[in-house]
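Take a look at this one chain, the form predicted on its own, written out in structure tokens.
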Amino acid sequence: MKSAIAFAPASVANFAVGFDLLGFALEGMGDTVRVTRIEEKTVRVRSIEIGEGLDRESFVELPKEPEKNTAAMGLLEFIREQKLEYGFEIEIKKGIPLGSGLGGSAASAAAALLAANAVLDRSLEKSALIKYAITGEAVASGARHGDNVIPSLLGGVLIVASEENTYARVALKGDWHVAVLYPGFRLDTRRAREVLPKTITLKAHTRAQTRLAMVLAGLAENDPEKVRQFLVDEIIEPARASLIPDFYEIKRAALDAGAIGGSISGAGPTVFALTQGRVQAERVLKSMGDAASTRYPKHLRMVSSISAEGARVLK
């Protein structure tokens, strides 16, 4: 094969209790990248297309220089480390709003690497692409963290160790669904990281560890009440809530409608709510939309299961 197309889904990072180390992949929304082998040992960004229904104005500054492009930067490192005698030309179709907290930069990086892997003379395992995908995603976020890009690449709910380029898959039982509401404005990851506290108390750290462990146990045991009790973030969410006007109103609407829990997706401004079953998720999403409609009349919303597959080669 000289050319391949891959799709990588949107993702929810942090999952309230796992800042920079826990995330899961969604279904439906995602980025698509076509990669074509070229003779030059470089990466060329041929085109960037904006998907239907997305705000095109927010994408005007997306760079085509490989060192500044999330889909291309990981490929540059890939070419160098794998000692390839050829390069890649890429065509990107964005299906995730920019700066939405849904892992758009991560999805582009994951899709580009999976498509490039498909046109190698000898393809690598998906897991071998992780470190290159993190390199690509870091162009946008300013830090090497894989809680978006690794779930987008591999699917499922994952605990990630970004510095070690590895992960652990979370056992998941039950019919878990997610209601997702994107208010419709851009919030850059770099800005959202600037408001985070520089220190926390030992007591807060211990509570955070407890909540993370109990949520993971609740997911594995299919125990919604355990997840409901412990899916609480007292560190990151309060720091970022002020960047998302009406965040608490939207979250309260979700909980009042029966959501098991919810918080900010990634750096925001997207709000997610966890439920069991699609019917419940639809009911929760409607309530969230009603709460958001006055301030955010152009918001986007969706219901998703947790994607078990992650990124995939389309052709």
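Numbering starts at 1 and runs along the sequence shown. On a predicted model such as this, the values are computed, not experimentally measured, just so you know.
Just so you know, the form predicted in complex with a small molecule exists too; it's not on screen, but the next bit is about it.
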**Request:** Flag residue 267 as yes or no: does it have a non-hydrogen atom within 4.5 angstroms of any non-hydrogen atom of the small molecule in the predicted complex?
**Result:** yes
**Prompt:** Is residue 135 close enough to the small molecule in the predicted complex to count, meaning some heavy atom within 4.5 Å?
**Reply:** no
**Request:** Verify the contact flag for residue 148: yes if a non-hydrogen atom of it lies within 4.5 Å of a non-hydrogen atom of the small molecule in the predicted complex, no if not.
**Result:** yes
**Message:** Whether residue 177 contacts the small molecule in the predicted complex should be assessed with a 4.5 Å heavy atom distance threshold; does it?
**Reply:** no
**Prompt:** 131, 193, 144, 226: which sits within 4.5 Å of the small molecule in the predicted complex by any heavy atom?
**Reply:** 193
**Prompt:** in the predicted complex, do 3, 32 and 312 all reach within 4.5 Å of the small molecule through at least one heavy atom apiece?
**Reply:** no
**Request:** Spot the stretch among 280-288, 24-32, 259-267, 242-250 with residues whose non-hydrogen atoms come within 4.5 Å of the small molecule in the predicted complex.
**Result:** 259-267
